[in-house]
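Below you will find one chain, with nothing else, as structure tokens; this is the form predicted on its own, and questions on how it binds or moves follow later.
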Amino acid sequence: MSFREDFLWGGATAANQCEGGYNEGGRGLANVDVVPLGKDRFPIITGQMKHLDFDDKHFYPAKEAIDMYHRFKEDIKLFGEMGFKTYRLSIAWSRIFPKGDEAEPNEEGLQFYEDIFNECHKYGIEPLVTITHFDCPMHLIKEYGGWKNRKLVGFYEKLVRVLFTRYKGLVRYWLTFNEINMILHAPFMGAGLVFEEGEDQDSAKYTAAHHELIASALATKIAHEIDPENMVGCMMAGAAYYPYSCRPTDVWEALEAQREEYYLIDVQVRGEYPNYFKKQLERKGIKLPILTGDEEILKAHTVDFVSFSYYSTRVSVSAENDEVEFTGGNIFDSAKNPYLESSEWGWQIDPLGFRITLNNLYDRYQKPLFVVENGLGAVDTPDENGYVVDDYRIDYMASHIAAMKDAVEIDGVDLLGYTSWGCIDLVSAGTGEMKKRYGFIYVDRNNEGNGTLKRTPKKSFNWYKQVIASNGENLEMPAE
């Protein structure tokens, strides 16, 4: 059995990394807008440095991004040329409710996304919509403290009710929160959290996560009530953890690291907190703000499918191993794997790890999976016409799609679709750079925000077009 006939091939973006137009169409300010390029980016996204507005000391790449706000018709036409079956995009919450707590939504923002969805359908592209891809209106952070405050559940509930009602018939596939486990690693970006001196940061993160889990379950409930055809998924930053060695303490470290990433998805899929997590809270002396009825909400409204991002595997090491070299990877620390090559940003390239991750998730949850992010961030060098020969990207993606095919054909994983990350060049969430490119389409813009924003298909554009046309059977390098 190869990929299903209705397999959803496509690409993925996030509003804050591609739209721009941060102050147009009635849009309000959001956490993702004020995260700058440079050395302060990481302290800000982790909530260690309070930064809730623009200043003149930093460059803020999300303000303009790649200006998809004004160019979405051109971009979706290119996606249509590649033969996309689906396009994963996200809603900027502050376009719909600029402050987040208004009584009525912003019509201009609602119409903007309706126009995008109609443009997708013009080319036979099914929208796959992430309701919250790290966006949190800044007013909700300043006034309520972000997702630490239970009131955000109600504001989110109002948001999703508006979305499901307005876009009924236009959107069928929904994701509630992007990489929900990123709350634990980048809490300002993931949940609008800023920590005060002496605050119990673990307690704040787990409280915010509980509120997002309740919000996700309520969104699933409302989606199914408004349109039984709706399919609602969860989404995690996914990757298998390897032990650094067969030393039992290394194996245990890997197990514990994997569980920390799984616990949120355990709740969204199984409807209850796992025992290992409850015991962890006991040891830390943390009590979750579980209200009467919360457990019933979580149990009754589990997700329809599990989606995830995959870029690389991670390696866990115990304190007994010293002098271990570490490497980068999607904000997560990892010991360097001596058996793998690395990208220019230190991310370990591991196609078999992709197959392992698919199997781990399917064995654990027995729900359909959807790969909604995968790709290679690399420096591209265009010729005088803006054309990029990106054989390295084709090699990476071909090897990963082949591994994904093995997971389906040989291992029996139930897979709905695959959307490559950053199908058009966009701003990196982790670093804020433009030079870290993932796309099949080159965008003329540099790290400092200079460039014409002209779109030019790369060599990988035609390669992915043939992959889609063959339903994943033809992964060969295209002729020049």
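Bear in mind the structure is a predicted one, so any value in this text is a computation, not a measurement. Residue numbers here begin at 1 and follow the sequence given.
Absent from the display: the form predicted in complex with 6-O-phosphono-beta-D-galactopyranose (BGP). The rest refers to it.
The closest heavy atom approach of residue 117 to 6-O-phosphono-beta-D-galactopyranose (BGP) in the predicted bound form falls outside 4.5 Å. Looking at residue 429, you'd find a heavy atom of it within 4.5 angstroms of 6-O-phosphono-beta-D-galactopyranose (BGP) in the predicted bound form. Taking non-hydrogen atoms only, residue 373 approaches 6-O-phosphono-beta-D-galactopyranose (BGP) to within 4.5 angstroms in the predicted bound form.
Residue contact check for residue 106: none of its heavy atoms lie within 4.5 Å of 6-O-phosphono-beta-D-galactopyranose (BGP) in the predicted bound form.
Remark: none of the three candidate residues (7, 79 and 419) comes within 4.5 Å of 6-O-phosphono-beta-D-galactopyranose (BGP) in the predicted bound form, counting heavy atoms only.
In summary, among the residues 208, 397, 217, 182, the only one with a non-hydrogen atom within 4.5 Å of 6-O-phosphono-beta-D-galactopyranose (BGP) in the predicted bound form is 182.
A heavy atom within 4.5 Å of 6-O-phosphono-beta-D-galactopyranose (BGP) in the predicted bound form is found for one listed residue only; from 134, 147, 87, 354, this is 134. Contact with 6-O-phosphono-beta-D-galactopyranose (BGP) in the predicted bound form, judged as any non-hydrogen atom within 4.5 angstroms, is confined among 430-438, 50-58, 449-457, 28-36 to 430-438.
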